[in-house]
Ligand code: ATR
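Have a look below at one chain only, the form predicted alone, in structure tokens format.
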Amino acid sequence: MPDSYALFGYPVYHSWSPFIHGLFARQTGQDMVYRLHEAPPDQFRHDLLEFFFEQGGSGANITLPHKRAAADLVNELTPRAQRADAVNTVLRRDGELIGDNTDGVGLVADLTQNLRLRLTSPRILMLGAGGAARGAIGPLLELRPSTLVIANRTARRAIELAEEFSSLGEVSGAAFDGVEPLEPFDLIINATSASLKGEVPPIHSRAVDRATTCYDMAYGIGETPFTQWARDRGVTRVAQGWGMLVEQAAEAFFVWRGVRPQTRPVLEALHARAMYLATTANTRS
């Protein structure tokens, strides 16, 4: 019987994770299945996640809105999950549940390996101070940026988050309108949900120039509002979170199976599949 893995979130019907992990399993010869579980907040803790592991589940991914709740459910947190105070990957080992966070590692892998950014003491602006930002800040500080500014709608939340990570490097927090840079940032990462709402966080025009890399953790066919905003201002290096999606999944797969899959062919297959579905939808309409 194949080992059982699952993604818990609400909603998750749109998730690409079964497609990605199916390709990883085929590539590496792993005997496993991966399914989606719609988990409303009032059912996630006891009715779904614990039942899944009681029934022999080997591991799970956790997505919104349950990453913080999952941190309270596991028996042990890895250092990176502890820093993020959020869990997106759960491993069952010797009857215990181990919580990990692969989001930040996935982001940095996409930036440095897939996009091949050469980041030497970069000046980084992180837009948003929620769960997506929390998972990324630790790995980003390992790049030894000259500064990392967390900008958020409410300054207090950004400042508090910066203080949590201050022992790891130069990091500060401010409101969106409190960021008035004297020079452009090398890297701007949109970790807000604004793109999903058709919006762009308010960013000072001096924050970017042609050499800035603008990265949206959100992803979709065509431009997101943030990537379009960047292109309209002459930014030439613009990316969405497709690579992060695949890289964080690969890290989770490695945590579960002890085998590291190749991500480039999976990312290419993901893009091809997404474009096919978009073309099919346009043809039908």
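In this text, residue numbers run from 1 along the sequence as written. Computed from a predicted model, the values in this text were never measured in an experiment.
Keep in mind the form predicted together with the named molecule is missing from the figure; the text below concerns it.
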Open item on the list: Within 4.5 Å, heavy atoms only, which of T154, S146, S166, T112 is in contact with the named molecule in the model of the complex?
Closed with: T154
Open item on the list: So the named molecule isn't shown here. In the model of the complex, which residue out of D72, E199, E96, E160 has a non-hydrogen atom within 4.5 Å of it?
Closed with: E199
TODO: Find out whether any non-hydrogen atom of I124 is located within 4.5 angstroms of the named molecule in the model of the complex, and reply yes or no.
DONE: no
Task: T192: touches the named molecule in the model of the complex, heavy atom cutoff 4.5 angstroms - done: yes
Open item on the list: If we define contact as a non-hydrogen atom of the residue within 4.5 angstroms of the partner, is G131 a contact of the named molecule in the model of the complex?
Closed with: yes
Open item on the list: How about I221 - does it come within 4.5 Å of the named molecule in the model of the complex, if we only consider non-hydrogen atoms?
Closed with: no
Task: Options 137-145, 204-212, 184-192, 114-122; stretch whose heavy atom lies within 4.5 Å of the named molecule in the model of the complex - done: 184-192
Task: Stretch 158-188 - residues with a heavy atom within 4.5 Å of the named molecule in the model of the complex - done: F176
